[in-house]
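Only one chain is included here, represented as C-alpha cells and corresponding to the form predicted alone.
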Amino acid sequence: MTASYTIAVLEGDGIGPEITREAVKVLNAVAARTGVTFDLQFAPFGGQAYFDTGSAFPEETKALCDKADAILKGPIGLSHEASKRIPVEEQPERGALLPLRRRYTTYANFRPVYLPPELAHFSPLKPSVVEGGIDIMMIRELVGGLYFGSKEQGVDEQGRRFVKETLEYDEDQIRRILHVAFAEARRRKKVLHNIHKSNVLMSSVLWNAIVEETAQEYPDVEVRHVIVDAAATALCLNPRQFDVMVMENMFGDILSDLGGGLLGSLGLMPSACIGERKSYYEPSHGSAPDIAGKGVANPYSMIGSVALMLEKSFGLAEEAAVIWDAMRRVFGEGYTTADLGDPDGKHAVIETAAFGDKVAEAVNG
C-alpha cells in the first residue's frame, strides 16, 4: 500500500505564503518520485489570521492541526504598525506560536546550522575559520523556561510600572530534552556540548545536575560544558569544534539566530519542533513583511523544514537526503538568492520561485 500523510499547512504572514509555495513544489516532486501521497490542508495562522477571523490561532485551524500527521508552518508576524492594531494577547507569537507549542508539547527544537564546504563562501567569517564547512545541530528546549513561566505586570506602591517574569523548569522537563540530545549526539560524533549559565542562574545549576545524571545512561557520549556567553564567542571563533549542542529555551533562541549569522543568512535555517504526539516544522527566521511579494525571499529554510518533516515525522530519511542534496546542487551550480548576494562575483542571483523550480527539478532528476 502506498503511504499517505496529511499535512496541515499554515502559510503564515509576510513572505510565508511565497516560500510555502516553493516547499509545496518540492513535496510534489517527492510525491512524483516516490508515489507517497501528501494531503495538504491549508489553514490561517498568525497576524493576518487575526484580521481575517478574529483569532491568531482559529478554532478551525486547531481542529485541522489535531487531525494532521504533521504541521508545516510558515513564519508569522506583520509590520510594526499592523501589529499595533492587534491586541497584545492575540499578537502572533503570544496568540498563535506559543499556544501551538503548548497544545502539542513540542518540547524538542532541532535547528541545523549547516554549511557544506562548497557553500562556505556565503559565511561572513574568514575562510580559514569555516574551511571544511559547518555542521552543528542545536537542540533547544522549547516549552519551558522564561517564555512559559508565570508573568505579571503592574504598578508598585511607589507608582512605578514593573514587570515580573519567572524562569521555570522541573527535572522531568530537563531530562526529557537531554535524552533527545544525548541520542542525537550518539547518532553523530558522540560529543555533546551542554550550554548553561550556572555561575549566575540557579536554573542552570539544576540543569547541569540533571545532565550529569542523564550522562550515566550514555557512557559513550562525551559531555563538554560551556557557559552560554563563552559559547557565543566560540561559535564565531571556531564553529567547527561543535557538533551537537543542547540548551534551555532562551539560550537556544539566541544562539540559533547567531548560527544563522555564521551561515550568512537566517534564510538557511530550517527547524523541527518535535512533540510527544505531533510535530511542526518551520523556518527559524521571521516573516520579513518589508520584502513580501517581491519574489526575493530565500525558500531554503522552508524547503529544509520539509526535509526535516519527511525524516522525523514520516521516516522518509532517504527522501529527505535527496532534498538536501538538491539544494546543495542548486547553489553548487552557481545560483544564489538575494539575501546571500554574490559574495565572490561568480553567482547568478535568482528569485524565490526560480529557486524552488530548480530544487524540484533536481529532486525529480
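These numbers come from a predicted model, not from an experiment. Numbering starts at 1 and runs along the sequence shown.
Keep in mind that the form predicted together with ligand NAD is missing from the display, and what follows is about it.
*Asks:* Heavy atom within 4.5 Å of ligand NAD in the predicted bound form: which of Thr214, Asn194, Ser284, Ser123 fits that? Just give me the one.
*Replies:* When ligand NAD is considered in the predicted bound form, the option within 4.5 Å is Ser284.
*Asks:* Work out which of Gln48, Thr61, Ser301, Ser313 lies within 4.5 Å of ligand NAD in the predicted bound form, going by heavy atoms.
*Replies:* In short, Ser301.
*Asks:* Looking in the predicted bound form, any heavy atom of Asp290 within 4.5 Å of ligand NAD?
*Replies:* Residue-level check for Asp290: yes, a contact with ligand NAD.
*Asks:* Can you check whether Glu168 is within 4.5 Å of ligand NAD in the predicted bound form, heavy atom basis?
*Replies:* Looking in the predicted bound form, residue contacts with ligand NAD do not include Glu168, since no heavy atom lies within 4.5 Å.
*Asks:* Can Ala297 be called a contact residue for ligand NAD in the predicted bound form at 4.5 Å between heavy atoms?
*Replies:* Although ligand NAD is absent here, Ala297 would touch it in the predicted bound form, with heavy atoms inside 4.5 Å.
*Asks:* Taking any heavy atom pair closer than or equal to 4.5 Å as contact, tell me whether Ile76 reaches ligand NAD in the predicted bound form.
*Replies:* Residue-level check for Ile76: yes, a contact with ligand NAD.
*Asks:* Partner absent here, but in the predicted bound form, which of 186-194, 229-237, 112-120, 76-84 has residues with a heavy atom within 4.5 Å of ligand NAD?
*Replies:* Stretch 76-84 is the one.
*Asks:* Would you give me the residues of 97-135 that have any heavy atom within 4.5 Å of ligand NAD in the predicted bound form, in order from first to last?
*Replies:* Those in contact are Leu97, Arg101.
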